[in-house]
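First, one chain by itself in structure tokens, the form predicted alone.
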């Protein structure tokens, strides 16, 4: 019998744009898989230099058996984009009872445009993306002004 080829492992992290360093959580996560974290950090910082510094950026890293890697950068989390648009640091402690801030439909549409650029969201209708963002805003205690 022949040996089965080892499958590539997938690692998902949220890394601040332009601020990737080999310190935790990046260094240990990549080190366990035998990948040089400094190589990843240089490539990631280079590819995210056009983003606003320290934007939390989800990244999916595919690590191959020969210890090489590829990674895909996704758009920032919806909750972070909503908090930035509302100008607040964190959501309401009791959503539905408290209002932490407010955003307009113009903000919702702008966030939906950012989210629609993700390959995972490319097939979803813009109207459905907007509804999802409004639901996220409600659960964070952010009022949507129509």
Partner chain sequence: MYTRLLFANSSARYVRAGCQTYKGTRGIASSLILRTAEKSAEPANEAQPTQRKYPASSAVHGTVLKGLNIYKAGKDPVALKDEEYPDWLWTLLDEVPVEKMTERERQRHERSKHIKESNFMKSRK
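This one's a predicted model, so the numbers in the text were calculated from it and none came from an experiment. Numbering follows the first chain given and starts at 1.
A second form of this protein, the form predicted in complex with its partner chain, is not displayed here; the remarks below concern that form.
Only one of 67, 90, 49, 42 lies close to its partner chain in the model of the complex, with a heavy atom inside 4.5 Å, and it is 49. Only one of 121, 29, 110, 62 lies close to its partner chain in the model of the complex, with a heavy atom inside 4.5 Å, and it is 110. Using a 4.5 angstroms threshold between heavy atoms, residue 84 counts as touching its partner chain in the model of the complex. Of the heavy atoms in residue 144, some are within 4.5 Å of its partner chain in the model of the complex. Contact annotation for residue 114: at least one heavy atom lies within 4.5 Å of its partner chain in the model of the complex. With a 4.5 Å cutoff on heavy atoms, residue 37 does not count as touching its partner chain in the model of the complex; it lies far away. Annotation: in the model of the complex, residues 105, 130 and 134 each come within 4.5 Å of its partner chain through at least one heavy atom.
Shown without its partner, the chain has no residue in segment 31 to 47 with a non-hydrogen atom within 4.5 angstroms of its partner chain in the model of the complex.
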